[in-house]
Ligand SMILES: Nc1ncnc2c1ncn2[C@@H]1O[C@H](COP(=O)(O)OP(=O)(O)O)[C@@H](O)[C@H]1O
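First comes one chain, alone, set out as structure tokens in the form predicted alone.
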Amino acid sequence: MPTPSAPRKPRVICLGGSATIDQIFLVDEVKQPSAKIMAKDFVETGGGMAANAAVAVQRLGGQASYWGRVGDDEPGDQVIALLAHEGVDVSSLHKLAGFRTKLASILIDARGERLVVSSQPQGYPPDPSWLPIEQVAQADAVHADTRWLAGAHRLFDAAAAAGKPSVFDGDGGDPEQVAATARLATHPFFSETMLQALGFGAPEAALPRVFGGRNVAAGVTLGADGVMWFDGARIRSTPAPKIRPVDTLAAGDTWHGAFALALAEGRALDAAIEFATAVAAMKCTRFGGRAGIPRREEFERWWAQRRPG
């Protein structure tokens, strides 16, 4: 009798402009202007918006592919090894000769807030023509961040042609270019800072203004205040679980990865947002940036004890 095959995992392609190595220090407070600080804990791990989202997809039960670039150096090798160790498909992660991989040092204080110091931008070539865009038809959802907009445009166009949901992490970059890219995705969700930078006022007023193009929903993540979004008809919101934050680093990345996976699983929009918001909240209860992203089984246990109702 043939052995039953394992169920197919939902596949999410995550395209990023910058995968990094993060050196993370836990401290009581960030002292200024000049001081020596003794850390209470330390971890070195991978980072980067879409790279962290890919790890979230993988740990939560999906199959992530990371599309991006690193430098042809030792940190680039580390980035690749750390993603591969998580099970992320890195066959479309390119090493660029003559370029450096981005490094970041991060201080996390007693409130869970962070101070990030990163190396200068790498100046990676923007050309996305090498991307294996034909693979989008076999994916269940795609995701991109703001660090490589030319790549995001190509990915979102391919997703639209294939009828796949596309998630855009609108955090950082030129506001006008970010707003234009957001309209190419089905589900752009901005950081609060970026939404404010667009100049449309409070989220209730701004979200209908940014909504358009291919958008099914346009939203904003608000940290402890949850998520607000506009679905083309009305403003809606989902509260965040009440937690004591330990480390907010990678929380937004985790949210977008979990959200993309939920859409890939076929969840309804409100259920996908609730899932992503709860996963990101659990991540914030743990120190270590990417290291704190939960796995599916531990999240399900945690959420079963806290979910309202």
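Start at 1 with the first residue shown and count on from there. This one's a predicted model, so the numbers in the text were calculated from it and none came from an experiment.
The discussion below concerns the form predicted in complex with the ligand, not included here.
Only one of 260-268, 38-46, 52-60, 236-244 lies within 4.5 Å of the ligand in the model of the complex by heavy atoms, and it is 236-244. Within this chain, Gly226 lines the site of the ligand in the model of the complex, having a heavy atom no more than 4.5 Å away. At the 4.5 Å threshold, heavy atoms of Ala272 stay clear of the ligand in the model of the complex, well away from it.
Although the partner is absent here, Arg114 lies within 4.5 Å of the ligand in the model of the complex, judged by heavy atoms. In the model of the complex, no heavy atom of Leu198 sits within 4.5 Å of the ligand. Shown here without its partner, the chain carries Thr221, Thr248 and Thr277, all of which come within 4.5 Å of the ligand in the model of the complex through at least one heavy atom.
Contact with the ligand in the model of the complex, judged by any heavy atom within 4.5 Å, is made by just one of Ser118, Ser191, Ser92, Gln122: Ser191. Residue Asp171 is the sole member of 153-177 found to place a heavy atom within 4.5 Å of the ligand in the model of the complex.
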